[in-house]
Every structure is written in structure tokens, then in C-alpha cells.
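A lone chain, given as C-alpha cells: the form predicted alone.
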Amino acid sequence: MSEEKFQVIIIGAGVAGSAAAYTLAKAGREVLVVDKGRAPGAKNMTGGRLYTYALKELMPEEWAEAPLEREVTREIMMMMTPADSVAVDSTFGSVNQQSYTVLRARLDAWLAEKAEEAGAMMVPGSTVDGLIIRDGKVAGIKTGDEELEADLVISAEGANATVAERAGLIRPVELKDVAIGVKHVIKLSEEIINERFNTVSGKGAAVMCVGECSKGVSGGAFLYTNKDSISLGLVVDSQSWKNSRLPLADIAEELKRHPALARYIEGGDLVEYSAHLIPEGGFKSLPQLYADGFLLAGDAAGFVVNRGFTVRGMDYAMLSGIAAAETANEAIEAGVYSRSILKSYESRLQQRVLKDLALFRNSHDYITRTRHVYKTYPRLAADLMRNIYNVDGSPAKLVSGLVKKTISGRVPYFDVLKDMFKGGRSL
């Protein structure tokens, strides 16, 4: 039995966990954060884009000090075939600091440091083996031979929330509800990145790809510019990948050699390689978010929305950490930690996080089940653009005729219209 009792123990020092710890510590609460990484951020991986409104909400005066990489002012959506690509390239003079690329090892370490400065206690390098449960209420954690008690435990342990799962508080992760992300971080000088992406220091690009990058498997690729590196990665639906029997590491390696992307990373040095589970089941797969003495936040709760052209998770994780802390404060003030008071956590999430997940409840199914997206449409797009630009001395055709020529015999027009309609309603 532990001689020390905390008001709140948080499992995980990622974005959600540190946001909750910072908010609680600012309110003068006794907070302990336990993380299995050797340091906060050491085990955390993401594609690398943060929508900063959430960071500003967490710390209005200090957010600008965060180790952000580049403000995203150029958005590129790319369809890829084995040899070609078609891209929609959008450049914005100003986006009012809407989003930045980030490297999680740096960002998470900084957030944890801010939480510590506010008064939270951080214990890295420790694995939580289980929860203390008394009379149906979570009453602390077990780590090694030690038991640490708390009035409330917040799980922010990531996509594979094994502690909550072993305690029977959430169901096991299902293959259909997760994706796998593989990322390379490639070192390049700031000057070369600026030149290749036609940008200036502090500004950068986000590239989202579909088609050949995933070899027909449901998924896509991403490229983000950092200050002096590029994050290039692949995300595939786990069920689709399993059915394909394709070697994921080899596909990710081939991605670096595709002519549409190789020119951006040529001459760079690989400095990091990582992989990560991503919860993409969406609203339909959300677990119970609270129990007696317990709250679930961030990726552990499945707060991710993938719309193909944007992937949001870190901002939702941060908002859920804030909401969990506010709910904990309410419970501490009342001296009650039952479901009846902790259910206000769900209400706090409703307006933005849960509302968004409900709105895009069909996005995951559309992305994983629309069969033409990953092979047919990229090839049609490339062939159409080739036909539009082709001048070989033969009689010219109107664009409408070129569209018919490109599509004819390859995909039914009804399928195209159906996919467009479903996409508009799902994404």
C-alpha cells in the first residue's frame, strides 16, 4: 500500500496527458504523470502537424514559445500512379497561424516541462502494469512492485490503451478501427528545403498523397516540411494491409523513390524511422469515456478524424486533456469521483471534439471501402491531364470529349457519380 496519495494520476506524457497535467497543476492540484518512455516524447510519433488553436487555448500566453517547426502555408493534394502524379497545389500568403509542422520528441518534451514548471510531477521510464480498483472504483495505479493511489486516474496512454483494456474499462482494439503509420525523418538544410518548396524560413508545406504510394491498399502518404528536415510517411488501414499481404516496410521504402517525392528528399540523410498505431474507427468505435474514478483522453479514446486531405488528432488530444482536467477540478471541488459527476467530461467534449467525430462518422468507411480511390482514379487523373496537354498534330477535342475518352470503358459513370456523392456526404 502506498503511503502517498495524489489527487490525480495521469498515464502518458503525450499531448493529452501533458495538457491535462498542465491545466491541473495551474489550478494547484497534486498531479503525477507516469510515462513509459525514457523521457516525455521519446516514444511518441505522429505525422507531425498541429492545428494551433488548441495550443493557444491551453496556454494563451506561452504557446508561441513552443518548439514548432514551420507554419503550413502551402497545401498539396497529390494523386500518384507508378510513374506520374497529378497535384492540386494551393499556396496561401497568410493563414493566421492555423497549423504548424512539429516533431513530437521536441513538442512533447516542452509540454511536459511546462507541466512540471506549473507543479506537476513527471516520472518517465516507468510502465503502468495495472489499475487499483476498489469496490468498482479506480483508486490508483500499479507500477512494478509499487502501488500509487489517487482520487482520479486519467488514461492518456495512446492508441493501444492496454492498461484500461486489462482493467475491463474499454474493449480490446479491433483491427478494423486502427491504421498503421510508418515515418521517415530526412535531414536537409533549411536553405535546400526553402529552395525546393519555394518558401522562406518559418513557412512550409503539407503534402497529402493517394494512389501508388500505398500500392492499392486503403491509405495514403504524407510529407511535412520541418525547419531542417522532412517528415515523409505512409499510413495504411490495418485490415486492408493484412488482406493485401504486402510488406509495409518495403512499401514505405519505395515511397522515397517515387519521382513525385524523391526530388524533395534527394541528398538527405535518414535520421529517424518509426511506426505507430493510429485510431481511425471514428465516432462509431468510441469507447466509454469515463468510469468511477477514471477518464480516457487523446488517442486512447480514439479522438482522430482522417478526411484524406486533413488528419486531425493532436488538437483533439489537447482539447480532451483540457476537458479532463476541468472535469477533474470539478470532481475535486465536490469531493466526488463517481460516474455521475465525471459524465460532465463528455459534455465538455461535445461542442467540438465529439461534434466533429459525429459529423465525419462515415469518413473512415468511405476512405477504406471506396475501391476506385487507390488505383483507378489516380490513373484516370494522370491520363486525363496527359490528354489535355497532349499536342501531336491530330484533331483537337474539347475537354468534355477528353473526359469521356479517358473514362470510357474503365469505370462506369454511375460509379464516379456515386463516389463523388458519397464523398461529399462523408468528408
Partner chain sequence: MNILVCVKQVPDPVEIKFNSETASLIRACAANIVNPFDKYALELALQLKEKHGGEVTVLTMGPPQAVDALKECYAMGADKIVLASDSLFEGGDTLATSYALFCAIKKTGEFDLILYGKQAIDGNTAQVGPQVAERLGVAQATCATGIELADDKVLVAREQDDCQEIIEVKMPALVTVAKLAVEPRNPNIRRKIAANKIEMPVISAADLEGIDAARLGLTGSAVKVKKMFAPPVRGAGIKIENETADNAVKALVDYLSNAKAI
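Numbering follows the first chain given and starts at 1. These numbers come from a predicted model, not from an experiment.
The form predicted together with its partner chain exists for this protein as well; it is not shown, and the discussion that follows is about that form.
- The candidate spot formed by Arg38, Val123 and Val271 lies fully in contact with its partner chain in the predicted bound form, as each residue has a heavy atom within 4.5 Å of it.
- Proximity to its partner chain in the predicted bound form, taken as heavy atoms within 4.5 Å, picks out 39-47 from the listed stretches 379-387, 22-30, 39-47, 56-64.
- When you look in the predicted bound form, the only residue of Ala275, Val200, Val336, Ala262 with a non-hydrogen atom within 4.5 Å of its partner chain is Ala275.
- Only one of the listed residues (Thr143, Thr162, Ser238, Asn194) places a non-hydrogen atom within 4.5 angstroms of its partner chain in the predicted bound form, and that residue is Thr143.
- Mapping the unseen interface onto this chain, Glu147 counts among the residues with a heavy atom inside 4.5 Å of its partner chain in the predicted bound form.
- Among heavy atoms of Leu248, some come within 4.5 Å of its partner chain in the predicted bound form.
- Using a 4.5 Å cutoff between non-hydrogen atoms, Asp356 does not count as a contact of its partner chain in the predicted bound form.
- Contact check for Glu71: no non-hydrogen atom falls within 4.5 Å of its partner chain in the predicted bound form.
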